[in-house]
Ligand code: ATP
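Take a look at this single chain in structure tokens; it is the form predicted alone.
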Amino acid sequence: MGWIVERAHAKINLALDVGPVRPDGYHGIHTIMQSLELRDIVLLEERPAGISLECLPGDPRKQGAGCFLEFDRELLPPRDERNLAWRAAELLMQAAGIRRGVHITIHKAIPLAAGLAGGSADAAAVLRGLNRAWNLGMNQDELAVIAVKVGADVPFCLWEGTAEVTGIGEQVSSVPSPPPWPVLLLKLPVSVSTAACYKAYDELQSPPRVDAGKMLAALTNQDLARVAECLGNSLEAVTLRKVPELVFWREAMEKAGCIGVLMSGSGPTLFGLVHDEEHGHHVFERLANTVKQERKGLLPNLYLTRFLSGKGNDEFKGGAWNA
């Protein structure tokens, strides 16, 4: 099949409502997910048999970040069956009765364990790429059956764009994407256990709920100010309590000029909305100066990227953003 190249885009949760525990032990969710231009690059090459996987550092500036400031070198994911991309290839081969093998190379630009679905995006890219490379002819729904076995975010990552997601993540309904609004990401060098986050959420006397329907209406009207007002995440308070440094950086993002700040998924990444590209660069520089002046404690990596909004949006005006 030669080389197959797939893009694996990061996601954020514009609204995330977590419901009570279901009889099967999972939490029902109602979330509005949005893909970003920040992405990993996944290369697939056929081999005689078996699966092999290599992870290499990517270049965020060439993979969807208009601006990038690194204070802590991002870790690389495992190169074995613990990697969701490996698991996706394995399950697809089993489902399709494939006896050939594949070598997977991932150029990582999406930070690891960040609430941005980097691993899930890589897995979805493997499913898409191998389906195409091996002419399996599986449709989106058939791939989604395999995807949900890999991870709850993988079905959305198959679709990408903007979607309303319910169930445990397996029910994905695409909605019209907003324009490619710029968004700033702030990732602290800490890991947050999703399982522990949900457990702490269950222990709250009055777990916070979020009305994801309001976010859908704001997106339908392409009203950025209203989108900023409707941002909400049921898990945010839990993670902010576990990682108090996030409170400081959340306030710093607001002071720098973000019009809305929220944590994505179970964290620890915070994202901030801005008015336009010029405003985004201004906010990025102000926040970068705050980081440089702080010089103590946990220092974050910063990314300025954009909403993924259809095709042809991978280049910033003036060539500052690379495909």
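These numbers were taken from a predicted model, which means no experiment stands behind them. For every residue, the number given is its place in the sequence shown, counted from 1.
If you look for the form predicted together with the named molecule, you will not find it shown, but the lines that follow are about it.
- Taken together, the three residues 28, 169 and 173 all stay farther than 4.5 Å from the named molecule in the predicted complex, as judged by their closest heavy atom.
- Of the stretches 72-80, 159-167, 239-247, 137-145, only 72-80 has residues with a heavy atom within 4.5 Å of the named molecule in the predicted complex.
- Contact with the named molecule in the predicted complex, judged by any heavy atom within 4.5 Å, is made by just one of 102, 125, 106, 215: 106.
- A heavy atom within 4.5 Å of the named molecule in the predicted complex is found for one listed residue only; from 185, 235, 88, 117, this is 117.
- In the predicted complex, no heavy atom of residue 129 sits within 4.5 Å of the named molecule.
- In the predicted complex, the named molecule lies within 4.5 Å of some heavy atom of residue 113.
- In the predicted complex, the named molecule lies farther than 4.5 Å from every heavy atom of residue 210.
- Proximity of residue 194 to the named molecule in the predicted complex: non-hydrogen atoms within 4.5 Å are present.
- In this stretch, 9-24, the one residue having a heavy atom within 4.5 Å of the named molecule in the predicted complex is 11; the partner itself is omitted from this view.
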